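Coming up is one lone chain in structure tokens, specifically the form predicted on its own.
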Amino acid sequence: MIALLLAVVLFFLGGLLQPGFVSVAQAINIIRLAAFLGIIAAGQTLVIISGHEGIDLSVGAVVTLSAILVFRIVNGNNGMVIPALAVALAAGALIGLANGIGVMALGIPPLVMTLGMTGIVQGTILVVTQGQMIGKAAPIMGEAISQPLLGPLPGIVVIWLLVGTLMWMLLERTGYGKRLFAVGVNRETARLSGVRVPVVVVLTYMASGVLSAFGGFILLGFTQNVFLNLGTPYLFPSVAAVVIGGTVLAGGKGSYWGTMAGALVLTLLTSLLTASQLPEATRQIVLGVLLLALLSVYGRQRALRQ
């Protein structure tokens, strides 16, 4: 609720910096831009809730890999969109499976494991593509994202709302969700209570890989092109959106609705700094200071672990 209130305040603050900023069209545009970050941050939400210093640093690499796979397989053919999406999601699941096994079976810290996986994925992309992006996005991908689908709301916003609903059901209405929160609070207590902790953690990293891959698919529909660092700009904002949304970094407490609000806050901050017409270097400094201030406030929440 705090993040959502902050997003509303920032939106009306934009009207003071730029005349005409406060409008229905601009509000829809902000939500549309925030949707890409929000979808990519969905998997990050699950990993952070799982606790044990869990942060998935391979998110950006999976987004890029997914977009490249879809770009190549589709090659401008609408009929290949579903098979290409299936391949991309499978690749994301395999990367998440490797991350989960590394964390649970080999005892590698999540940050180290996912950072190493990032290097592996990026290296594989370079070897396979040789730096050449061959292919073409399907026209239907751009139409599904940009065209109004529900009243004035474009397809990407509707997709984001569907993802939000599914994430809420996953976290609040399934046995997996209850076990995930238990694992995030205290893994030893969860294990003694009968929760199969390794299975829950591995499934969580697989879900993160799948959701990141889906984010790459959606992002390709928007950009209609790919490049080697397509997903990199979304890595650290995906973590910031989760934390600004109220999910505790120690794990065991959080929600995806909060992540959605956090994505809106970050997108609005970026838009306001752009509207202020400050030099790029100054905007980056101000954005960094604001993020540190926000995260320091949320970091004062009590950690739910021993």
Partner chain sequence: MQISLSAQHVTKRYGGVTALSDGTLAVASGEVVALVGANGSGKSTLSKIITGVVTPDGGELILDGQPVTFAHPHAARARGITAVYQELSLIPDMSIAENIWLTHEPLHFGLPVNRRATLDRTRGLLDQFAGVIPVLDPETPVKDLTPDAKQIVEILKTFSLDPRFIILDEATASLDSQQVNRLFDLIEQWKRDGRAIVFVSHRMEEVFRIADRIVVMRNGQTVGDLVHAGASEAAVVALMTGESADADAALAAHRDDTHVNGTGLAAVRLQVRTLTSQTLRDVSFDVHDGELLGLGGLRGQGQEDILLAVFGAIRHGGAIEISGRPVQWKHPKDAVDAGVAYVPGDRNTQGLLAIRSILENLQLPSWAKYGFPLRTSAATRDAGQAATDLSIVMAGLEAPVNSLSGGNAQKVVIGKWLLRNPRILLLNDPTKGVDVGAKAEIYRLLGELRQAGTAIVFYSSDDAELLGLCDRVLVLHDGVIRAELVRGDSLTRSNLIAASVGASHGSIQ
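Remember, it's a predicted structure, so these values are computed and weren't measured experimentally. Residue numbers count along the first chain shown, from 1.
The discussion below concerns the form predicted in complex with the partner chain, not included here.
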Worksheet, complete the sentence: In this chain shown alone, the residue from Ala190, Val202, Met80, Ala93 with a heavy atom within 4.5 Å of the partner chain in the predicted bound form is Ala190
Item to complete: With the partner chain left out of view, choose which of Gly258, Gly252, Gly54, Gly60 has a non-hydrogen atom within 4.5 angstroms of it in the predicted bound form.
Response: Gly252
Discussion item. Thr174 versus the partner chain, in the predicted bound form: is there a non-hydrogen atom within 4.5 Å?
Written reply: yes
Item to complete: Please check if Asn186 has a heavy atom lying within 4.5 Å of any heavy atom of the partner chain in the predicted bound form.
Response: yes
Practice prompt. Please run the contact check for Val163 against the partner chain in the predicted bound form: heavy atoms, 4.5 angstroms, yes or no?
Written response: no
Item to complete: Considering only heavy atoms, tell me if Lys136 and the partner chain come within 4.5 Å of each other in the predicted bound form.
Response: no
Practice prompt. Pick the stretch from 103 to 111, 166 to 174, 141 to 149, 210 to 218 whose residues have a heavy atom within 4.5 Å of the partner chain in the predicted bound form.
Written response: 166 to 174
